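Next up: a single chain in structure tokens, the form predicted on its own.
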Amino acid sequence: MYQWLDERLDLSRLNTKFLRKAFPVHHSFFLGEITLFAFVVLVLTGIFLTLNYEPSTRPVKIEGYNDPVPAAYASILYIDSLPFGAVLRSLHHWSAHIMIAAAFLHMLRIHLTGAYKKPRELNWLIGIVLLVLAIVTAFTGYALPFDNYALTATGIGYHIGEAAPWLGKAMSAILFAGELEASNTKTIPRLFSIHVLWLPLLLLAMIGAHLLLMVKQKHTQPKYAEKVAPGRILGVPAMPQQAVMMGVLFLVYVAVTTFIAGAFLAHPVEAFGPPTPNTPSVKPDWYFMWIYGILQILPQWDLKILGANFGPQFVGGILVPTLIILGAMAIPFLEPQKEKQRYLELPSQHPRRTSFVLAMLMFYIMATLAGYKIDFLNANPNLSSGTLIAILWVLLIVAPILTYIISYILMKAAYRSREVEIEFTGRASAADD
């Protein structure tokens, strides 16, 4: 059978060219694979949810409710009533969080080690697009349970998108099929098709392109490979060694995330109930919280130019994230080099770059902290809103600057001592390799 297939599909060439590719063995490289595993679990659990979900707001009568409820809301209750239904829905929820977190950490590792440099600039751009797509896909699933919380949380993003100059209202109307309100019968079908079809197809295409480029360009090698086998690819073949490790890691991922899903059931819709005029206290998920925090401390103003309103929602919700994304895309082109990047760089060797990354992380943390402004005010009745906003602004600006300065000084001192050690002993300590 193998010979028959080999004669027609040239399996021997496939095995030589792709399946025997060397994969470097390094623990940080598994972050990309965890991102892929999360996507696979999202697709599998998403199929189950899709088969039992009704993307409609038609009123249906169910037991335990005096008034009819939207069919979308009722279908979530039905899913939770199925054997392991609530766990699978929770697994879908937590895998979305893990995919975004793993993708972010994966990009962070690439940035800190200089793996985005020539010839991998295109794959860096694809990685950023993948991260943004994953976040947008998660957002389009917000409203699908169609309970009071989900509709309110989705409304935050709806109004931010609406704030875009000139095109905002039109784009929001296209995405949400009109105004985002409980009476709009077209919003849920529109978001459902985007969430389960168009965005997953885009993600699948981008992941495929990302993996193909990775195989074509090969991994950057861990630093130790430069001494062990200079100029050669050091690692294990894709088949069977790397495939076995990936299989084991996938099973561990499924086991751990299933335990998390069962122990921490996600979003109990019955606790919030179907949409009502009463707006619950809502905060976005952690990957949106930093944007929400910026919006919480921005002053209110009304600036209109050529009929478009450039208000705080535009600045905090659209302009700042867009500038950060464009800045991330520009990173490989700010450090052009003629030679191909073959080995990972030590973060301590590049104190400016590493300090900048740490400062940006501190910025996200402080902006996220600002998202809890209302909670701080409720916990401290004697604290005025103006004073708290001033404190949060100081933290948002000063903490990243101090982080950059302190980390830069420490890394310069550490790297200088390492150079002195090499000069006097002729070698670096084992901890630096």
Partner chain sequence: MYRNDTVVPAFAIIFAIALFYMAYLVTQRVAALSGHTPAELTVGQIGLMAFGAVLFMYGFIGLLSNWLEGAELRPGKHEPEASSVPVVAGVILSLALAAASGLFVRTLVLAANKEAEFPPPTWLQGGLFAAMMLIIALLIAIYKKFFMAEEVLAEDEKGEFPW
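Since this is a predicted model, take the numbers as computed values, not measurements. Positions refer to the first chain, counted from 1.
One more form of this protein exists, namely the form predicted together with its partner chain; it is left out here, but the text below deals with it.
Student: With its partner chain left out here, work out from 323-331, 269-277, 121-129, 352-360 which stretch has heavy atoms within 4.5 Å of it in the model of the complex.
Tutor: In the other structure, the partner sits against 269-277.
Student: Taking 4.5 Å between heavy atoms as the contact cutoff, choose which of I135, I207, I233, L319 touches its partner chain in the model of the complex.
Tutor: Partner contact (heavy atom, 4.5 Å) among the options: I233.
Student: Since exactly one of L144, A115, I98, V196 fits, which has a heavy atom within 4.5 Å of its partner chain in the model of the complex?
Tutor: None of the others qualify; the residue that does is I98.
Student: Answer with yes or no whether I305 is in contact with its partner chain in the model of the complex, where contact means some heavy atom within 4.5 Å.
Tutor: Output for I305 is no: heavy atoms all beyond 4.5 Å of its partner chain.
Student: So in the model of the complex, is its partner chain close enough to S56 to count as touching (4.5 Å, heavy atoms)?
Tutor: So S56 does not count as contacting its partner chain.
Student: Please run the contact check for S407 against its partner chain in the model of the complex: heavy atoms, 4.5 angstroms, yes or no?
Tutor: No, S407 sits far enough from its partner chain in the model of the complex that none of its heavy atoms falls within 4.5 Å.
Student: Should A22 be counted as a contact of its partner chain in the model of the complex, where contact means heavy atoms within 4.5 Å?
Tutor: A22: contacts its partner chain in the model of the complex.
Student: For the heavy atom contacts within 4.5 Å of its partner chain in the model of the complex, list the residues of 348-363 involved, in sequence order.
Tutor: Residues within 4.5 Å: none.
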